[in-house]
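For reference, the chain that follows is the form predicted on its own, supplied as structure tokens.
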């Protein structure tokens, strides 16, 4: 079944109801369907079924229309983070090999494959002859690029059945119905957006896009949540921590906010306790799972169990997942209907070879049988909810003309979970500030190292490999 099917059923039930609200723009289910139909018709006429279609648009109604139009045509959507530096965007496009790239206006200056560019405005001026493309449950629906351990981004390929499994679970678990008003802040290239985009419209709910500037003004964000009468919000702990500390929730209660869901990083216990005290009527849930599995574990926040000295559990299995722990490494293994189909590389799917996905996360089970998270077994960082591979940052730094070698590790940060830091060895005569200046155009903001130290040589282990523990200790000195 096409994941768009449930949305179309809601269009028939409540055509005049608001589907999305973005600033002063309100669009009903019927109006949204009309936009989707034009995009789908155009792509069907171009024989795009089964093809990857990239989207170069900001989070909002236009991008959501493209996603639904692409899926309705039986194609696969690839959301680009257009705030990324040009080299990373072009790498993803070259690797994904999309049939088209949809945006607004003329092709952007950074795009090398401008012959693939489609102007959404032109598409929306065409005539629709809409029919929903039939796809198998195993057909791919989305490709979400994440930071890669090999030093380059990699595309996580998700099927219609995987998305449907998660959306059905979320709708049932959190009682999402047509009365719900969902706040949406997550960029569409981030897997949390699957909830905002699909669980919402499948239930006949309304989605309200949070204006981006409000993330820097937490008291205004609280006011916005109150004014829009938001009932459900799924976001990352760093945003909620900021809201708890500076959101003026004492003066702006949120009585309509029934549920707060969060995922992507560890929520510092002190800030979580503050938030639960400020929102006593709101249910909070900790959702866990890498992009490859979507949500595979969850825990409803039990206020009485919160302490400032202990992290909360990630809880019990979600989405019909079968979880197990490798007895030797304590790594969490996930076998779930929501698991990804494989990695998308060089324009095609490289299918997953095992049903048990190794998450790379170390876990245990407590006396209640709940799963508890103990960090990464590898070097991966979680920065503001984004999964970041230090290898990708190192790859970019090592390309700089003034750098002889580098090593990247992470440090704890109260607002973003972790932040990358870098130890570098300069080439003779090179200056650090000058050498690293190009990184501003090469790495996304959340991947930029917040600190640099220079060393004569990187410390190594007896086997000649970089001693990351020694480097970590350099940044942890008081």
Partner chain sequence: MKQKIRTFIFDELIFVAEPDSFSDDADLLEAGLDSMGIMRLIMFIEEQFGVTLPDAEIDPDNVKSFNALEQWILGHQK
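Computed from a predicted structure; not experimentally measured. Numbering follows the first chain given and starts at 1.
In what follows, reference is made to the form predicted in complex with its partner chain, a form of this protein that is not presented.
One residue of 224, 130, 174, 242 in contact with its partner chain, assessed in the predicted complex (non-hydrogen atom, 4.5 angstroms): Of the listed residues, the single hit is 242.
Its partner chain: the contacting residue among 246, 303, 374, 350 in the predicted complex [heavy atom, 4.5 Å]: By the 4.5 Å criterion, the partner-contacting residue is 246.
Contact label in the predicted complex: residue 436 to its partner chain, heavy atom within 4.5 Å: Yes, residue 436 sits close enough to its partner chain in the predicted complex that at least one of its heavy atoms falls within 4.5 Å.
Its partner chain contact at residue 346 in the predicted complex, heavy atom, 4.5 Å: No, residue 346 stays farther than 4.5 Å from its partner chain in the predicted complex.
4.5 angstroms heavy atom contact with its partner chain in the predicted complex for residue 419: Heavy-atom contact with its partner chain at 4.5 Å: present for residue 419.
Residue contact check: residue 47 to its partner chain in the predicted complex, 4.5 Å heavy atom: Output for residue 47 is no: heavy atoms all beyond 4.5 Å of its partner chain.
Options 58 to 66, 408 to 416, 24 to 32, 38 to 46; stretch whose heavy atom lies within 4.5 Å of its partner chain in the predicted complex: Contact criterion met by 408 to 416 only.
Contact set, 200 to 228 vs its partner chain in the predicted complex - heavy atom within 4.5 angstroms: Counting only heavy atoms within 4.5 Å of its partner chain in the predicted complex, the contacting residues of 200 to 228 are 213, 215, 216, 217, 218, 219, 220.
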